[in-house]
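Next up, structure tokens for two forms of one chain, structure 1 and then structure 2.
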Structure 1
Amino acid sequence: MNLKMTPKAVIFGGTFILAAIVFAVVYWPWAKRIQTPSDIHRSRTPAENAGRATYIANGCVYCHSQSVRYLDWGLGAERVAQAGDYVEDRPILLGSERTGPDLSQEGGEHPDDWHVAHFINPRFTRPHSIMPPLAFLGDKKISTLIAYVQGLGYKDADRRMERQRFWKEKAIEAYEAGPEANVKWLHGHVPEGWRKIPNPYPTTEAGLRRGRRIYQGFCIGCHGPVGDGMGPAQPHIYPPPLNFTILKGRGISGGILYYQIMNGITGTAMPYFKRELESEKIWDVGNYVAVYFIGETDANAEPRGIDASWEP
């Protein structure tokens, strides 16, 4: 080959190639872009936009994606991202890393008070978290950030937030009516079948050890090291984390503990753990709470079915 590489060949040849490529892979996709908003899309409120600016300024995008894939399981997996979700996003915040979970559908996942505690210090609600503490933002910025986060998921988020607010009111009412009424309210919403089920498995040393480990990794920031609800998140959460000792003698059962841990209590900061904890872990942590903090357990009581093969 004896193509002569003159300065002109390099400069104009290179620029020409780049121009052709920009036309094909940048301009053309733009010209053909989808401009119709998706079914869940709505415009953001001014507060949400202010929160989005805080999100951008503090680099949340480096740890959180906002782009659910068809192969995902975790937070937001119920709805795969569509181009129409982003039509008003400038810039778009898809993210390239998942050091933290995807936030596309974060709105309404937790009530506002959970977010306050979490943003002040993520370890308060999530002991193993490596997310940076954001107390330096101050109350005002934290509240707009929460407005933004609670709007992620647009109309789906709005529906979830409506539910959070509805139950928050009821939960506060029950809490303020005193422990007796609160426990009655809490248990009143557990389906009857669950309420009657005792923990079918016996208490074992190993089981309690596992339960403690789960408790320390997931629950301690709210319910506290001794289960009195005085973890570091407590000042920010209302109704405050449950003091487990009030459950004693008030009809608590293994089934109630299991159901509440699995499903969470919408409206309160109590999250659901069905994604994070498998069945054995839920029974174990429930029994740990029952044995050590409530001081009363129905483990292995009748009716418990045929004993499982591993039982001693």
Structure 2
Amino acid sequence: MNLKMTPKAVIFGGTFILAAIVFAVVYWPWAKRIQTPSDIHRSRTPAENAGRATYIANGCVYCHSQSVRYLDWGLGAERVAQAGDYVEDRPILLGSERTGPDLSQEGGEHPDDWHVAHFINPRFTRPHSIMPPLAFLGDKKISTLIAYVQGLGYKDADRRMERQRFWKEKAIEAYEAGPEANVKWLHGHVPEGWRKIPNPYPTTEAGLRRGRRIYQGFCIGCHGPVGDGMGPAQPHIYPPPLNFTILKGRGISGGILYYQIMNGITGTAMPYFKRELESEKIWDVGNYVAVYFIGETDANAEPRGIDASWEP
């Protein structure tokens, strides 16, 4: 066979290769695209669409993805993203970076007031965050941005938001009834078994130092440097962050602190940390709060089990 690189062959071959690429990469995916909405999909509200425009204009997609994959189960994901979730999105904002958390199911993870504080200055709620403050957007745009974020997850997000609103009413009612009633309400929603568990680790200098480091990295923005609930996020949150000093003499235990740090308190700005802090760190920060802010600790008290092998 005599093959010559003639102009005609180059033009024909190049055209054929380009057509094949366009067919495989552009036309075929477009023709086979999924157009059926997923079971959680719904259309966005006008406020959510306005917030999405703000999200795009400020480049949020460059740091936040909106797609959970099977390999993300280790991150604590509850649902793998599906093509039908995005049938109305133009453009689709899947993103590829996770400098910040994935937002595909962010709706209802926090109440609205947490987001107000977070968007004004992310360090108010996440002291180690590198996200830029968005206070310059103004209240109206921040409000629509919150609407968009609270809708991520569609119908699942709606159910979570319904739960947030229900418990926020209860939390406000308890807070406005005074410290005694508030603490009783907070403790009353911790399962009885947890209320009776002491902190299993002894109070040590190393443990308290770890607790202090964790507190500064996760808690100080809301609860403040001295645990009085007067952190920089406080003006934007209601009911305000808990003043730990009111817990003294009111039946606090290591188990109560652990349970509330682990699961958060739905309806309030107190988030859960079960995906971010392993068990020992939760016990350590709980003991730090108990020793320095509450003024009483049950660390290493009875009932005790077998000490861990590394304990002093």
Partner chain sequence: MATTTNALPQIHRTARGFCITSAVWFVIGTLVGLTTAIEFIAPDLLGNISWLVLGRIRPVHTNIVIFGFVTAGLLSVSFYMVPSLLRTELYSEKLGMITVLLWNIAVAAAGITLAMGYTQGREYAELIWPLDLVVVLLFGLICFNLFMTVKQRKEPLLYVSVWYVLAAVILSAITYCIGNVIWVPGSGALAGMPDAIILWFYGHNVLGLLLTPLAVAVAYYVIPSASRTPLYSHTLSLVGFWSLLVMYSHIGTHHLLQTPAPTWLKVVSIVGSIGMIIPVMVVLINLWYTAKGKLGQIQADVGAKFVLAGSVIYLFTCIQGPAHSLPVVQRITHFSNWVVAHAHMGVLGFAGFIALGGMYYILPKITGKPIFSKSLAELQYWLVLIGMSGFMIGLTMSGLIQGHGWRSGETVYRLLPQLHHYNIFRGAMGVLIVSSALIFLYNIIRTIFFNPGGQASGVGKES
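Keep in mind it's a predicted model, so treat the numbers as computed, not measured. Rigid core: the largest C-alpha set superposing within 1.5 Å between the two forms. One-based numbering along structure 1's sequence throughout.
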Seminar exercise, completed: Structure holding the form predicted alone is number 2
For this session: Align both forms on the core first, then report whether residue 13 has a C-alpha shift of 2 Å or more between structures 1 and 2.
Result: yes
Seminar exercise, completed: Expressed in angstrom, the C-alpha movement of residue 306 between structures 1 and 2 on a rigid core superposition is 2.7
